[in-house]
Each structure stands twice: as C-alpha cells, then as structure tokens.
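Given next, in structure tokens, is a single chain: the form predicted alone.
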C-alpha cells in the first residue's frame, strides 16, 4: 500500500454558487458531496472516511447516511481542506480507510443559519487578551498590519497592490460562474470604498454562498471508476501564531514557507515544473506573499512580477484563473474552491483553460497568517 499512488477521483462544487437562500449550510455540504460522488461514479455507501471544517464531520456524515471508519475535523480556517487532503493520504496509505469524502459548505451571504463569527473573540483567548482591546475589528484591519510593513520595506505603492484585483478580474471575465466579471482598472480599485488602509473594497473578497467536495482513493481503485483521476504529488501544512502581531517577520509567512517546502519535497519537483498556481486571496496582498514564500519570486519582487502581467491571461505563470477569492467567490473559507480550480486545470476542463497544464499548486491560508496548507496536483503520476 505504501507505494500506491493516491488520487482525487471526484471533484465538484455545489450546483449553484453565489446567492443560495434556499439551502442551509449543511445542505450545501450535502449538495457538493453528492455532486463529487456523481463525478467519481461512487455511491454514499462506498465512502468510509469523512473530513470537513466549519461543521462537525459527524453531523455531515449522519445527514448523508455515511458510517465512517475514519474522521477528520481539522478546522483552522480556509486552508483546512488542503490539510484534509494531506491527512487523507496518510489515512489511506495506513489502511485506515479506502475512500474519503472531503466536504465544504458555507452560507456566507444568506446566513442560513447565521454562521458563528469569532468576533469579538472570547475574553480569555489570546486574541481577546492581546489584540482586540487595542481596537482591531477582524480580518480587514488585522491583515493590514503585516502588509504596511511590507510596503515600507520594499517601497510598494497602493497602485502596485491594486494590480492584483485588476488582473484577477481579467480571469473572472472568462469564467461564467464568477461573482464579479466586469473589467476594472487600477483607478477603479483606488476609487472604491476605503475599508482599512491600504485595503479598498475591491481589494477585499465578497461574501457568497457555496461549497464543494473531493473524493480521495487509490489509483488502483480509481481505474475501475469513470471519474478522471488527478494525482496528489505532494502536500504540506504548517502553523505559526494565532496573533498576527506575533508573526516572526511581517514581510513573510513562516507557515507559507514550511507548508510549501514540504509539499515540493514530497512531490519531488522544482518551481519551474509548475504550470499553474492557485493562491488563496481573501485580500489582495496574499498572492504577493504566496508568490514569494512559495519560491516563485524573490523577496519584494512579486508586485513587479504581477504588474509585468506574468500572472495574467497569457502570462508565464497563470495565477487564480477562476478569478480568485476576490472575483470568483468567497463564502468564508476559500481553500476548497482553489483546489477545485487546480483540479479543473489539470483535467483540462476549466472555463479559462491554460494550455498544457500538467502540474498545478493550490496554496491556502488559515486565519490571520496563522496556518497554511499546500497541495500539488497533476494529471500524471510522478
């Protein structure tokens, strides 16, 4: 079993994305799960492992009628689903189960039911003791803290940052499912409502409804199934701190680096082997950190790399080709949607398909730079 390749054999999002007021959060999990199982050519009775975040995995298993032998409820924010992939590899390789369903669903816009929002944080928590008393209000202003340092150290302008949503909107315009499709300019971004300097409205993700699911199994079993297998070449995970004020270095993420380096080491590939990249982008600065901490740009060079259109349609390293969290959709935890686009690209069925994609990397963040997960997908075994 240890030499057995593991694959994603089923991958799908919910039937609708964006505004789904007729489905609860649990129903969104179920909708994505049933779509992914249909894609794989499997039944609920074929599943013996389940993983999810944002909902108790037992709740989802009971709702779907699954009696699991393996359960993962890791929930550390938007990269949780990348971590579920990594944990699934260990579980199947160890013989703990054979087929794992990873589900996600969030009623981020319709709020059915209203999602629990951890703000203000509990008084006894680290955040409640050491950050909230000083006036922080959540992700938009917390995530400005490191990027203001980055801007100062590398002489980066707000116009440089505005190029991220501008280029991602170009990708979104090619995707009929994207929440925002209208082209925007740097000036449009700068003129949009100020949220927390330097973030304007167009530098921040929307809140939408949706979900998705993945089915993981062995290459051997996948040969008998109709789904198109996608190989998991490597995966990594890491964490740093629950307090953004306590990052070791505001201009780089230790968790990003550790997670990515582990994934590339397991995959046995180099950065130049990557054809396509998905970088979690709840806010516009995150692809900048992702490009640098994953090793695609030197420190301080990512804004120029983006401005020179390397990540844009026709560029040499296509990034966030579904439009990203800034324009495609963002229900609250975006990691599942980033992986869905990586899988579509290596399956060659994406709305904005990049030619000749063999390897795609999906990288996620959890919380305020607190955690990270990285998964490397391919349409070929290594």
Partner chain sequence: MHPTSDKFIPFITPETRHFWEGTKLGELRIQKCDSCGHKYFPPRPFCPKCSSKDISLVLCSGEAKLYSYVISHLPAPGFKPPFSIAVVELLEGPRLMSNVIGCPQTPSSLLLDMPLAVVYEKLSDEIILPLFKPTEKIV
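The model shown is predicted, which means the values in this text are computed figures rather than measured ones. Residue numbers count along the first chain shown, from 1.
This protein has a second form, the form predicted in complex with the partner chain, left out of what is shown; the following refers to that one.
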Checklist entry - Would residue 136 count as a contact of the partner chain in the model of the complex, using a 4.5 angstroms cut-off between non-hydrogen atoms? => result yes
Checklist entry - Is there a non-hydrogen atom of residue 93 within 4.5 angstroms of a non-hydrogen atom of the partner chain in the model of the complex? => result no
Checklist entry - Is residue 229 a contact residue for the partner chain in the model of the complex, using a 4.5 Å heavy atom cut-off? => result no
Checklist entry - Does residue 149 reach the partner chain in the model of the complex if we count a contact as any heavy atom within 4.5 Å? => result yes
Item to check | Listed range touching the partner chain, judged in the model of the complex by heavy atoms within 4.5 Å, from 159-167, 306-314, 122-130, 73-81 | outcome: 122-130
Checklist outcome for this item: Heavy atom within 4.5 Å of the partner chain in the model of the complex, from candidates 196, 274, 97, 225, belongs to 196
Checklist entry - If you check 282, 145, 173, 112 against the partner chain in the model of the complex, which one has a heavy atom within 4.5 Å? => result 145
Next on the checklist: Need the contact residues for 238-272: heavy atom within 4.5 Å of the partner chain in the model of the complex, sequence order, or none if there are none.
Outcome noted: 243, 244, 245, 246, 247, 248, 249, 250
